[in-house]
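Take a look at this one chain, the form predicted on its own, written out in structure tokens.
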């Protein structure tokens, strides 16, 4: 018998993403939990259908405001894969610079929100101060602060000038992040809130197919960049792994990845030897292709089917789709006050993740929540 049923979301100050948790409490301990979504589905896969290929690349970028380039880059690689198009090293390195800047930006933004969740507003402001420097670099390099729209098929619209202040700015950010890390690992309040909270063992992470920093914090060596896509084969780096798998380890892995990204950008800049090629017009009669990249949150996968230069079908699998289901075994058995930290520690992005489901039986039918649960054989454990 539960003492209290406690609702959190879909709008709640302790959980930034628009999701709904139904919590069953015994005292202040969480005995069970139900999750409900569907609050921010925007139909992007359907929106991409029928679009001209080049336009679809820029549409995909609007899926997320934090990892916008990751979606654009993955879509571009999917198109280039189905065309079997070779891209120059300078273009690949330019894309790596933007992708790693976005990784730094994403990790800084997430860290700020994480400390906001425990009321540590000073670190929140410090991390966002460094994040604003990255956004300024984006504006300087691409003309845009959030959605950069630099990708064309086979090339980019930008050339990074030989004389730039990228590394100077990144070294400043790196030194600041190192000093914040020292504060974090020595602060008693932070340690009490993060250490031992939401532990993902290596076996549990592999069972749920966790990806990105969430997986690497549990000693799962899962980093798509290691496959060498988009020029990463010319870059020297090793995935950063943790062992403890708790909320603190997931934080430390991301902070160390910021330093790693600074080193990757330095290597990429040194390999840009000539300007990007001019854009050429391409026509795709009929083809299918796919791509997978390491977005800031983990593996991002695109499948693309093209007919007469228009997108016939697009299928997108985002990192949160892998990482979000693991929350239930982390939350059940924990204290209610730890829930915001555990949820935030996996860095979910519900807007990226949510999809619509249709059933074809003569006519198209959009499934209601009740229809979906029945189709999946879901039975409510609790009376509502």
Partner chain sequence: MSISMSINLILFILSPVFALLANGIFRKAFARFQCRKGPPIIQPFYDMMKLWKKKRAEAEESKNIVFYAGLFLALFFLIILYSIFFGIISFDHDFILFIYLLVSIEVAIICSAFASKNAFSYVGSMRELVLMIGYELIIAFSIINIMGVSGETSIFSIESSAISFPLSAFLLFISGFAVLRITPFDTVNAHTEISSGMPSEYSGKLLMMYYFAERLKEFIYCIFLSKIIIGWNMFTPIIAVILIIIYALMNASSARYSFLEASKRLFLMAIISFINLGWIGL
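Residue numbers count along the first chain shown, from 1. Since the model is a prediction, treat every value here as computed from it, not as a measurement.
Not on display, but discussed next: the form predicted together with its partner chain.
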* Asked: Among 5, 13 and 28, does every residue place a heavy atom within 4.5 Å of its partner chain in the predicted complex?
  -> yes
* Would you point out which of 189-197, 256-264, 162-170, 297-305 contains residues with a non-hydrogen atom within 4.5 Å of its partner chain in the predicted complex? => 189-197
* Of the options 86, 270, 122, 238, which one has a non-hydrogen atom that comes within 4.5 Å of its partner chain in the predicted complex? -> 122
* **Single option in 152, 229, 208, 126 placed near its partner chain in the predicted complex, where near means a heavy atom within 4.5 Å** => 126
* Answer for residue 351 alone: is it within 4.5 Å of its partner chain in the predicted complex, judged on heavy atom distances? => no
* **4.5 angstroms heavy atom contact with its partner chain in the predicted complex for residue 118** => yes
* To do: State yes or no: in the predicted complex, is some non-hydrogen atom of residue 325 no more than 4.5 angstroms from a non-hydrogen atom of its partner chain?
  => no
* To do: Answer with yes or no whether residue 335 is in contact with its partner chain in the predicted complex, where contact means some heavy atom within 4.5 Å.
  => yes
